[in-house]
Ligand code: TXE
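Encoded as C-alpha coordinates, the following chain is the form predicted on its own, with no partner shown.
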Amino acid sequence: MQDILNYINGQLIQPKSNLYIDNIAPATGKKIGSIPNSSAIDVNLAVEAAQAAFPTWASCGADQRSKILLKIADLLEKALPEFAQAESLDNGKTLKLASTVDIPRAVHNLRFYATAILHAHDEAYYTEPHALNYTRREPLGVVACISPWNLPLYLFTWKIAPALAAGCTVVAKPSEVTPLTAFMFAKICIEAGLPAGVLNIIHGEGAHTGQALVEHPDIEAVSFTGGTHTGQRIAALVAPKFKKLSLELGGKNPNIVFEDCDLEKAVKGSVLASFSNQGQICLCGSRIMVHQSIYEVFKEKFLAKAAALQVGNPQDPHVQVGAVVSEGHYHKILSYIDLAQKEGGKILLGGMPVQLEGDYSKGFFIAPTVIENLPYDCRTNQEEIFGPVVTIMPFESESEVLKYANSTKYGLAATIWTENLTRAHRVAHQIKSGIVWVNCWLLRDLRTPFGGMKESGVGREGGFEAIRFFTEEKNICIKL
(Lines give C-alpha, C1' and ligand atoms only; values in the text may rest on other atoms or scores of the structure.)
Protein backbone atom coordinates (compact mmCIF):
# COMPACT_ATOMS: atom_id res chain seq x y z
CA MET A 1 0.00 0.00 0.00
CA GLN A 2 1.25 3.46 -0.93
CA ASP A 3 -0.69 6.43 0.40
CA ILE A 4 -0.08 9.46 -1.80
CA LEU A 5 0.52 12.92 -0.34
CA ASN A 6 0.41 16.39 -1.87
CA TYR A 7 3.70 18.23 -2.40
CA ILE A 8 3.20 21.84 -1.38
CA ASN A 9 5.85 24.41 -0.45
CA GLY A 10 8.57 21.78 -0.37
CA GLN A 11 6.72 19.39 1.96
CA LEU A 12 4.68 16.22 1.56
CA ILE A 13 1.37 16.89 3.30
CA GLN A 14 -2.14 15.49 3.62
CA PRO A 15 -5.09 17.28 2.03
CA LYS A 16 -6.83 19.75 4.32
CA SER A 17 -10.19 18.13 3.58
CA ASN A 18 -8.85 14.71 4.60
CA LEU A 19 -10.71 13.25 1.61
CA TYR A 20 -9.16 10.37 -0.32
CA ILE A 21 -9.96 8.16 -3.29
CA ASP A 22 -8.72 4.63 -3.92
CA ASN A 23 -5.80 3.91 -6.22
CA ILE A 24 -6.46 0.68 -8.14
CA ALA A 25 -3.83 -1.42 -9.94
CA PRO A 26 -5.22 -2.17 -13.43
CA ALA A 27 -3.55 -5.57 -13.75
CA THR A 28 -5.09 -6.94 -10.54
CA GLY A 29 -8.12 -4.73 -9.94
CA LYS A 30 -6.94 -4.37 -6.34
CA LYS A 31 -6.39 -1.28 -4.21
CA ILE A 32 -2.73 -0.31 -3.86
CA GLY A 33 -3.14 2.94 -1.95
CA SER A 34 -5.08 6.15 -1.41
CA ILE A 35 -4.97 9.45 -3.28
CA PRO A 36 -5.85 12.89 -1.88
CA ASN A 37 -8.97 14.38 -3.42
CA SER A 38 -7.68 17.90 -2.92
CA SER A 39 -10.02 20.84 -2.47
CA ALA A 40 -9.84 24.52 -3.38
CA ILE A 41 -8.13 25.05 0.00
CA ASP A 42 -5.23 22.81 -1.07
CA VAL A 43 -5.09 24.53 -4.45
CA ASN A 44 -4.90 27.93 -2.72
CA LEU A 45 -2.03 26.74 -0.54
CA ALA A 46 -0.14 25.48 -3.58
CA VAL A 47 -0.69 28.68 -5.55
CA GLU A 48 0.36 30.83 -2.58
CA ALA A 49 3.55 28.79 -2.20
CA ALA A 50 4.29 29.15 -5.92
CA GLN A 51 3.67 32.91 -5.78
CA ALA A 52 6.07 33.29 -2.86
CA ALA A 53 8.76 31.28 -4.66
CA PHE A 54 8.37 32.96 -8.05
CA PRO A 55 10.47 36.15 -7.63
CA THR A 56 13.57 34.28 -6.50
CA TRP A 57 13.21 31.43 -8.99
CA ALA A 58 12.58 33.79 -11.91
CA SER A 59 15.60 35.92 -11.09
CA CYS A 60 18.12 33.25 -10.03
CA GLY A 61 19.34 32.85 -13.60
CA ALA A 62 19.19 30.15 -16.25
CA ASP A 63 22.44 28.59 -15.03
CA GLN A 64 21.07 27.91 -11.56
CA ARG A 65 17.74 26.59 -12.83
CA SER A 66 19.61 24.35 -15.27
CA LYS A 67 21.82 22.88 -12.55
CA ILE A 68 18.87 21.96 -10.35
CA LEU A 69 16.89 20.41 -13.21
CA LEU A 70 19.94 18.39 -14.26
CA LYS A 71 20.36 17.15 -10.70
CA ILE A 72 16.73 16.04 -10.64
CA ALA A 73 17.30 14.25 -13.98
CA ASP A 74 20.35 12.47 -12.60
CA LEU A 75 18.49 11.28 -9.51
CA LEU A 76 15.57 10.09 -11.64
CA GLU A 77 17.87 8.16 -13.93
CA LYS A 78 19.54 6.55 -10.93
CA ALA A 79 16.13 5.43 -9.66
CA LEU A 80 14.91 4.30 -13.10
CA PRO A 81 14.17 0.65 -12.15
CA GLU A 82 12.11 1.72 -9.13
CA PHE A 83 10.16 4.27 -11.16
CA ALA A 84 9.56 1.82 -14.01
CA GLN A 85 8.15 -0.77 -11.59
CA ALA A 86 5.84 1.85 -10.10
CA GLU A 87 4.68 3.06 -13.52
CA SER A 88 3.88 -0.48 -14.62
CA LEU A 89 2.00 -1.20 -11.40
CA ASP A 90 0.04 2.05 -11.44
CA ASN A 91 -0.79 2.22 -15.16
CA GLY A 92 -0.94 -1.42 -16.27
CA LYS A 93 1.64 -0.90 -19.02
CA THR A 94 4.38 -3.46 -19.49
CA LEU A 95 7.51 -3.11 -17.38
CA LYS A 96 9.55 -3.26 -20.57
CA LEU A 97 7.76 -0.21 -22.01
CA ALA A 98 8.08 1.75 -18.77
CA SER A 99 11.79 0.85 -18.55
CA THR A 100 12.70 1.63 -22.16
CA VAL A 101 10.33 4.49 -23.04
CA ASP A 102 8.42 6.20 -20.22
CA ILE A 103 11.07 6.81 -17.57
CA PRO A 104 14.02 7.35 -19.95
CA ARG A 105 11.93 9.90 -21.83
CA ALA A 106 11.11 11.69 -18.55
CA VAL A 107 14.85 11.94 -17.88
CA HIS A 108 15.39 13.22 -21.43
CA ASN A 109 12.64 15.84 -21.03
CA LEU A 110 14.34 17.28 -17.96
CA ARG A 111 17.79 17.32 -19.53
CA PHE A 112 16.58 18.78 -22.80
CA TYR A 113 14.91 21.80 -21.20
CA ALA A 114 17.64 22.20 -18.58
CA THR A 115 20.13 22.73 -21.40
CA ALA A 116 17.79 24.40 -23.90
CA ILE A 117 17.28 27.35 -21.56
CA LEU A 118 21.03 28.01 -21.70
CA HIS A 119 20.75 28.57 -25.46
CA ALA A 120 17.63 30.72 -25.51
CA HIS A 121 18.15 34.06 -27.21
CA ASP A 122 16.37 37.34 -27.69
CA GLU A 123 16.30 39.52 -30.80
CA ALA A 124 17.57 43.03 -31.39
CA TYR A 125 16.99 45.39 -34.33
CA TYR A 126 18.72 48.62 -35.26
CA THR A 127 15.97 50.94 -36.47
CA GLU A 128 17.05 53.67 -38.86
CA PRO A 129 18.08 56.34 -38.21
CA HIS A 130 18.66 56.38 -34.43
CA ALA A 131 16.84 53.70 -32.43
CA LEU A 132 17.43 50.25 -31.01
CA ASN A 133 14.62 47.74 -30.57
CA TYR A 134 15.18 44.60 -28.58
CA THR A 135 12.94 41.89 -27.21
CA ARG A 136 12.95 40.30 -23.81
CA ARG A 137 11.12 37.18 -22.66
CA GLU A 138 9.96 37.08 -19.06
CA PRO A 139 8.44 34.11 -17.21
CA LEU A 140 4.68 34.34 -16.79
CA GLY A 141 4.48 33.59 -13.07
CA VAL A 142 2.49 30.75 -11.54
CA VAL A 143 1.26 28.26 -14.15
CA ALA A 144 -0.91 25.13 -14.04
CA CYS A 145 0.27 21.90 -15.66
CA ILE A 146 -2.31 19.11 -15.93
CA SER A 147 -1.07 15.78 -17.28
CA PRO A 148 -2.86 12.55 -18.34
CA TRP A 149 -2.77 8.91 -17.26
CA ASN A 150 -1.51 7.17 -20.40
CA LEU A 151 2.17 8.23 -20.13
CA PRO A 152 2.15 9.49 -16.54
CA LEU A 153 5.70 10.64 -15.75
CA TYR A 154 6.68 11.05 -19.40
CA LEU A 155 4.01 13.73 -20.00
CA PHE A 156 4.19 15.15 -16.47
CA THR A 157 7.85 16.10 -17.04
CA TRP A 158 7.07 17.15 -20.64
CA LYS A 159 5.02 19.98 -19.12
CA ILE A 160 6.81 20.97 -15.93
CA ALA A 161 10.35 20.92 -17.36
CA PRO A 162 9.94 23.82 -19.84
CA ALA A 163 7.86 25.80 -17.33
CA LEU A 164 10.49 25.49 -14.62
CA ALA A 165 13.34 26.11 -17.06
CA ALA A 166 11.66 29.30 -18.26
CA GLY A 167 11.51 30.62 -14.70
CA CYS A 168 7.85 29.97 -13.91
CA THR A 169 6.70 28.29 -10.74
CA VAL A 170 4.28 25.43 -11.17
CA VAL A 171 1.19 23.88 -9.63
CA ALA A 172 0.90 20.48 -11.30
CA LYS A 173 -1.97 18.01 -11.20
CA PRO A 174 -1.20 14.51 -12.46
CA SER A 175 -4.08 12.21 -13.34
CA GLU A 176 -5.85 10.79 -10.32
CA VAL A 177 -5.79 7.43 -12.12
CA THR A 178 -1.96 7.20 -12.13
CA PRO A 179 -0.52 9.35 -9.31
CA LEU A 180 2.31 7.17 -8.06
CA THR A 181 5.34 8.31 -10.06
CA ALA A 182 4.46 12.01 -9.64
CA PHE A 183 4.45 11.42 -5.88
CA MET A 184 7.82 9.68 -6.11
CA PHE A 185 9.09 12.54 -8.28
CA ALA A 186 8.28 14.99 -5.48
CA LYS A 187 10.65 13.09 -3.18
CA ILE A 188 13.40 13.40 -5.78
CA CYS A 189 12.80 17.16 -6.01
CA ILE A 190 13.26 17.45 -2.24
CA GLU A 191 16.46 15.40 -2.44
CA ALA A 192 17.77 17.55 -5.31
CA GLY A 193 17.25 20.76 -3.33
CA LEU A 194 14.56 22.30 -5.50
CA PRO A 195 13.54 25.44 -3.56
CA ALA A 196 10.26 25.19 -1.69
CA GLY A 197 7.23 26.30 -3.67
CA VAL A 198 8.88 26.21 -7.10
CA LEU A 199 7.01 22.99 -7.96
CA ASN A 200 3.83 21.98 -6.17
CA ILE A 201 1.99 18.74 -6.95
CA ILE A 202 -1.64 18.35 -5.94
CA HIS A 203 -3.70 15.21 -6.43
CA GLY A 204 -7.41 14.75 -6.96
CA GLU A 205 -10.23 14.34 -9.43
CA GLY A 206 -10.41 16.57 -12.47
CA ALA A 207 -13.90 17.87 -11.78
CA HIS A 208 -12.92 18.63 -8.17
CA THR A 209 -9.23 19.52 -7.91
CA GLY A 210 -8.57 20.29 -11.57
CA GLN A 211 -11.42 22.74 -11.89
CA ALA A 212 -10.35 24.60 -8.74
CA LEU A 213 -6.86 24.90 -10.22
CA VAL A 214 -8.01 26.08 -13.65
CA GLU A 215 -10.38 28.65 -12.12
CA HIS A 216 -7.83 30.08 -9.69
CA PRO A 217 -7.42 33.82 -10.40
CA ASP A 218 -3.66 33.80 -9.80
CA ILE A 219 -2.85 31.11 -12.38
CA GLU A 220 -1.33 32.84 -15.41
CA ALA A 221 -1.48 29.96 -17.91
CA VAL A 222 -2.84 26.44 -18.24
CA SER A 223 -1.13 23.58 -20.07
CA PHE A 224 -3.39 20.55 -20.38
CA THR A 225 -3.10 17.15 -22.04
CA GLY A 226 -6.15 14.91 -22.08
CA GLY A 227 -9.53 14.33 -23.66
CA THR A 228 -11.11 16.77 -26.09
CA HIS A 229 -14.29 17.14 -24.01
CA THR A 230 -12.30 18.15 -20.93
CA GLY A 231 -10.21 20.50 -23.07
CA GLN A 232 -13.38 22.23 -24.24
CA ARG A 233 -14.47 22.76 -20.63
CA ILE A 234 -11.07 24.17 -19.68
CA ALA A 235 -11.08 26.51 -22.69
CA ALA A 236 -14.53 27.77 -21.71
CA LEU A 237 -13.21 28.64 -18.24
CA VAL A 238 -9.83 30.08 -19.21
CA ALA A 239 -10.41 31.88 -22.52
CA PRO A 240 -12.72 34.62 -21.14
CA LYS A 241 -9.95 35.54 -18.69
CA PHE A 242 -7.45 36.00 -21.58
CA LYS A 243 -4.92 33.66 -20.03
CA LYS A 244 -2.50 31.61 -22.10
CA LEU A 245 -3.77 28.14 -22.90
CA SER A 246 -2.11 25.07 -24.40
CA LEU A 247 -4.31 22.06 -25.14
CA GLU A 248 -3.02 18.71 -26.42
CA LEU A 249 -6.16 16.65 -26.95
CA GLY A 250 -7.46 13.56 -28.70
CA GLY A 251 -6.65 11.86 -31.96
CA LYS A 252 -8.11 9.40 -34.46
CA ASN A 253 -5.03 8.95 -36.54
CA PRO A 254 -4.83 7.48 -40.06
CA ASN A 255 -2.15 4.92 -40.90
CA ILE A 256 -1.92 4.93 -44.71
CA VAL A 257 -0.22 2.05 -46.53
CA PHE A 258 0.48 2.56 -50.26
CA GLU A 259 1.16 -0.24 -52.73
CA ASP A 260 4.81 0.80 -53.15
CA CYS A 261 5.67 0.53 -49.44
CA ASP A 262 8.28 -1.73 -47.91
CA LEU A 263 5.66 -4.28 -46.86
CA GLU A 264 7.52 -5.88 -43.98
CA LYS A 265 8.40 -2.51 -42.44
CA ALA A 266 4.85 -1.26 -42.93
CA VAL A 267 3.36 -4.30 -41.20
CA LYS A 268 5.78 -4.18 -38.29
CA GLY A 269 5.38 -0.42 -37.86
CA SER A 270 1.60 -0.62 -38.11
CA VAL A 271 1.38 -3.27 -35.37
CA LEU A 272 3.55 -1.08 -33.15
CA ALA A 273 1.41 1.99 -33.91
CA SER A 274 -1.79 0.04 -33.21
CA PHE A 275 -1.11 -1.71 -29.92
CA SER A 276 1.74 0.04 -28.08
CA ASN A 277 0.72 0.84 -24.52
CA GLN A 278 -2.53 -1.09 -25.19
CA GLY A 279 -3.39 1.52 -27.83
CA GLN A 280 -3.53 4.16 -25.11
CA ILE A 281 -1.36 6.76 -26.85
CA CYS A 282 -2.99 9.74 -28.53
CA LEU A 283 -0.65 9.18 -31.49
CA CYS A 284 -1.64 5.55 -32.18
CA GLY A 285 -2.69 4.78 -35.74
CA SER A 286 -6.18 3.46 -35.05
CA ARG A 287 -7.48 3.69 -38.65
CA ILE A 288 -5.42 1.53 -41.03
CA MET A 289 -5.98 2.29 -44.72
CA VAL A 290 -4.34 -0.05 -47.24
CA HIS A 291 -4.20 0.21 -51.02
CA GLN A 292 -6.56 -2.31 -52.63
CA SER A 293 -3.77 -4.02 -54.59
CA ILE A 294 -1.95 -5.17 -51.43
CA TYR A 295 -4.88 -5.19 -49.01
CA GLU A 296 -5.23 -8.97 -48.60
CA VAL A 297 -1.52 -9.70 -48.25
CA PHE A 298 -1.03 -6.81 -45.81
CA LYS A 299 -4.05 -7.91 -43.78
CA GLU A 300 -2.80 -11.49 -43.55
CA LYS A 301 0.66 -10.43 -42.34
CA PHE A 302 -0.74 -7.78 -39.97
CA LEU A 303 -3.18 -10.22 -38.35
CA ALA A 304 -0.44 -12.83 -37.91
CA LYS A 305 1.83 -10.36 -36.10
CA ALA A 306 -0.99 -8.95 -33.99
CA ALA A 307 -2.15 -12.44 -33.01
CA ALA A 308 1.36 -13.24 -31.80
CA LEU A 309 1.28 -10.42 -29.25
CA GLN A 310 1.10 -11.84 -25.75
CA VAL A 311 -1.41 -10.34 -23.31
CA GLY A 312 -0.70 -10.79 -19.63
CA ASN A 313 1.12 -9.79 -16.47
CA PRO A 314 2.78 -6.44 -17.25
CA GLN A 315 5.80 -7.44 -15.18
CA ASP A 316 6.51 -10.42 -17.44
CA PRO A 317 9.29 -9.48 -19.91
CA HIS A 318 7.69 -11.66 -22.61
CA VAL A 319 4.37 -9.79 -22.50
CA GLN A 320 3.73 -7.06 -25.09
CA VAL A 321 0.19 -6.04 -24.08
CA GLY A 322 -0.65 -5.22 -20.47
CA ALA A 323 -3.85 -4.04 -18.80
CA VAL A 324 -5.88 -1.01 -19.82
CA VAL A 325 -5.78 1.71 -17.23
CA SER A 326 -9.05 1.34 -15.29
CA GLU A 327 -12.30 -0.55 -15.01
CA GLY A 328 -14.25 2.39 -16.44
CA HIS A 329 -11.97 2.63 -19.46
CA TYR A 330 -12.11 -1.17 -19.89
CA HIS A 331 -15.91 -1.04 -20.23
CA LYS A 332 -15.71 1.96 -22.57
CA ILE A 333 -13.41 0.07 -24.96
CA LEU A 334 -15.64 -3.02 -24.89
CA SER A 335 -18.67 -0.84 -25.62
CA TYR A 336 -16.98 0.43 -28.80
CA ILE A 337 -16.24 -3.13 -29.91
CA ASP A 338 -19.93 -3.88 -29.45
CA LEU A 339 -20.83 -0.68 -31.37
CA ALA A 340 -18.54 -1.67 -34.24
CA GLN A 341 -20.40 -4.95 -34.67
CA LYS A 342 -23.74 -3.16 -34.62
CA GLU A 343 -22.39 -0.86 -37.36
CA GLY A 344 -21.64 -3.91 -39.50
CA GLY A 345 -18.02 -4.45 -38.59
CA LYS A 346 -16.42 -7.88 -38.83
CA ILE A 347 -14.07 -8.86 -36.00
CA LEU A 348 -10.95 -10.29 -37.60
CA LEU A 349 -9.00 -10.65 -34.35
CA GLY A 350 -9.73 -10.29 -30.65
CA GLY A 351 -12.85 -8.40 -29.76
CA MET A 352 -13.05 -9.78 -26.24
CA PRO A 353 -11.63 -9.50 -22.73
CA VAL A 354 -8.70 -11.69 -21.76
CA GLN A 355 -9.21 -13.65 -18.55
CA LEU A 356 -6.01 -14.35 -16.66
CA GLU A 357 -5.55 -16.53 -13.59
CA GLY A 358 -4.39 -16.05 -10.02
CA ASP A 359 -3.53 -12.50 -8.90
CA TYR A 360 -4.49 -11.14 -12.32
CA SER A 361 -7.93 -12.74 -12.60
CA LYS A 362 -9.66 -9.41 -11.91
CA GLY A 363 -7.39 -7.31 -14.11
CA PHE A 364 -8.56 -5.16 -17.03
CA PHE A 365 -7.16 -7.01 -20.05
CA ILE A 366 -8.48 -6.79 -23.62
CA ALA A 367 -7.17 -8.75 -26.62
CA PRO A 368 -5.69 -6.78 -29.54
CA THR A 369 -8.69 -6.23 -31.78
CA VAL A 370 -8.87 -5.69 -35.56
CA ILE A 371 -12.17 -4.80 -37.23
CA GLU A 372 -12.98 -4.82 -40.96
CA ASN A 373 -15.93 -3.84 -43.17
CA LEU A 374 -16.79 -0.52 -41.58
CA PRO A 375 -17.58 2.68 -43.50
CA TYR A 376 -15.09 5.50 -43.03
CA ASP A 377 -17.68 7.81 -41.49
CA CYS A 378 -19.23 5.48 -38.90
CA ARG A 379 -18.84 6.26 -35.19
CA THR A 380 -16.20 3.57 -34.69
CA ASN A 381 -14.05 5.29 -37.32
CA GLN A 382 -14.78 8.81 -36.14
CA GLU A 383 -14.59 8.67 -32.34
CA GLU A 384 -11.50 8.13 -30.21
CA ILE A 385 -11.53 4.69 -28.55
CA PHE A 386 -8.06 4.88 -26.96
CA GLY A 387 -7.53 1.17 -26.57
CA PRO A 388 -6.16 -1.90 -28.38
CA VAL A 389 -8.73 -1.58 -31.15
CA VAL A 390 -8.06 -0.70 -34.80
CA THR A 391 -10.07 -0.74 -38.00
CA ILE A 392 -8.69 -1.73 -41.38
CA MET A 393 -10.09 -0.74 -44.78
CA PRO A 394 -9.00 -0.69 -48.44
CA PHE A 395 -8.69 2.34 -50.71
CA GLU A 396 -8.09 2.77 -54.45
CA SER A 397 -6.70 6.30 -54.97
CA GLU A 398 -4.91 9.13 -53.21
CA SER A 399 -7.98 11.32 -53.36
CA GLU A 400 -10.06 8.60 -51.72
CA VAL A 401 -7.65 7.94 -48.88
CA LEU A 402 -7.20 11.66 -48.23
CA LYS A 403 -10.97 11.95 -47.93
CA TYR A 404 -10.94 9.13 -45.36
CA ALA A 405 -7.91 10.47 -43.50
CA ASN A 406 -9.26 14.02 -43.16
CA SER A 407 -12.85 13.04 -42.36
CA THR A 408 -12.65 13.16 -38.56
CA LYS A 409 -12.82 16.14 -36.20
CA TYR A 410 -9.28 15.33 -35.09
CA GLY A 411 -5.95 16.24 -36.65
CA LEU A 412 -3.15 15.11 -34.37
CA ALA A 413 -0.94 12.61 -36.22
CA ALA A 414 -0.76 10.52 -39.38
CA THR A 415 1.55 7.84 -40.75
CA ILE A 416 2.35 7.20 -44.42
CA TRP A 417 4.09 4.10 -45.77
CA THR A 418 5.53 4.60 -49.27
CA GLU A 419 8.87 4.38 -51.04
CA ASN A 420 7.86 7.17 -53.45
CA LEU A 421 9.40 10.39 -52.16
CA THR A 422 7.23 12.63 -54.32
CA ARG A 423 4.07 10.90 -53.11
CA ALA A 424 5.25 11.12 -49.49
CA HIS A 425 5.59 14.90 -49.73
CA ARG A 426 2.41 15.35 -51.74
CA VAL A 427 0.19 13.35 -49.38
CA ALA A 428 1.82 14.69 -46.22
CA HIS A 429 1.11 18.25 -47.34
CA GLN A 430 -2.59 17.46 -47.86
CA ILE A 431 -3.25 15.66 -44.58
CA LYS A 432 -4.73 17.94 -41.94
CA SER A 433 -2.52 16.85 -39.08
CA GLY A 434 0.01 18.45 -36.78
CA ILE A 435 2.44 15.55 -37.16
CA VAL A 436 3.04 13.31 -40.18
CA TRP A 437 5.42 10.36 -40.02
CA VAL A 438 6.70 8.78 -43.23
CA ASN A 439 7.91 5.16 -42.99
CA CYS A 440 8.08 5.36 -39.21
CA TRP A 441 5.93 5.99 -36.16
CA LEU A 442 6.56 7.85 -32.90
CA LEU A 443 10.03 8.90 -33.98
CA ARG A 444 10.32 12.11 -31.97
CA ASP A 445 12.91 14.88 -31.87
CA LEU A 446 12.36 17.10 -28.83
CA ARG A 447 13.41 20.17 -30.84
CA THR A 448 10.35 19.91 -33.07
CA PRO A 449 6.89 21.39 -32.34
CA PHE A 450 4.21 18.97 -31.14
CA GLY A 451 0.46 19.48 -31.36
CA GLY A 452 -2.66 19.00 -33.40
CA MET A 453 -5.12 20.67 -35.73
CA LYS A 454 -8.92 20.91 -35.46
CA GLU A 455 -10.20 19.40 -32.19
CA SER A 456 -6.84 17.81 -31.42
CA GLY A 457 -5.71 20.93 -29.62
CA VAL A 458 -4.53 24.50 -29.47
CA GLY A 459 -0.90 25.58 -29.54
CA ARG A 460 2.32 23.63 -29.80
CA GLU A 461 4.54 21.96 -27.23
CA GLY A 462 8.10 20.72 -27.59
CA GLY A 463 11.39 22.46 -28.28
CA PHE A 464 11.60 26.21 -27.82
CA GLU A 465 7.85 26.43 -28.53
CA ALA A 466 7.19 25.16 -25.00
CA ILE A 467 9.63 27.60 -23.39
CA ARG A 468 8.07 30.47 -25.34
CA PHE A 469 4.61 29.44 -24.17
CA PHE A 470 5.63 29.92 -20.54
CA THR A 471 7.05 33.40 -21.19
CA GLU A 472 5.70 36.79 -22.18
CA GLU A 473 7.54 38.70 -24.89
CA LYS A 474 8.25 42.39 -24.39
CA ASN A 475 9.61 44.83 -26.94
CA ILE A 476 11.80 47.69 -25.70
CA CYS A 477 12.56 50.59 -28.02
CA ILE A 478 15.35 53.03 -27.15
CA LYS A 479 15.98 56.18 -29.15
CA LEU A 480 19.73 56.70 -29.45
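Everything numeric here is computed off the predicted structure, so don't read it as measured data. The numbering used is simple: start at 1 and walk along the sequence shown.
Separately, the form predicted together with this ligand exists; it is not shown, and the next lines address it.
This chain is displayed without this ligand, yet in the predicted complex the stretch 140-148 from 140-148, 286-294, 339-347, 185-193 comes within 4.5 Å of it by heavy atoms. Although the partner is absent from the chain shown here, none of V171, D218 and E461 has a heavy atom within 4.5 Å of this ligand in the predicted complex.
Not displayed here, this ligand is kept clear of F258 by more than 4.5 Å at the level of heavy atoms in the predicted complex. Proximity of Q211 to this ligand in the predicted complex falls within the 4.5 Å heavy atom cutoff. In the predicted complex, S276 stays away from this ligand, with no heavy atom inside 4.5 Å.
Shown alone here, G197 lies farther than 4.5 Å from this ligand in the predicted complex, counting heavy atoms only. With the partner removed from view, the residue among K268, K71, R233, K299 that has a non-hydrogen atom within 4.5 Å of this ligand in the predicted complex turns out to be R233.
Of the residues given (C282, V238, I392, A84), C282 alone sits with a heavy atom within 4.5 Å of this ligand in the predicted complex. Taking a 4.5 Å heavy atom cutoff to this ligand in the predicted complex, the contacting residues in 215-239 are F224, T225, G226, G227, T230, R233, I234.
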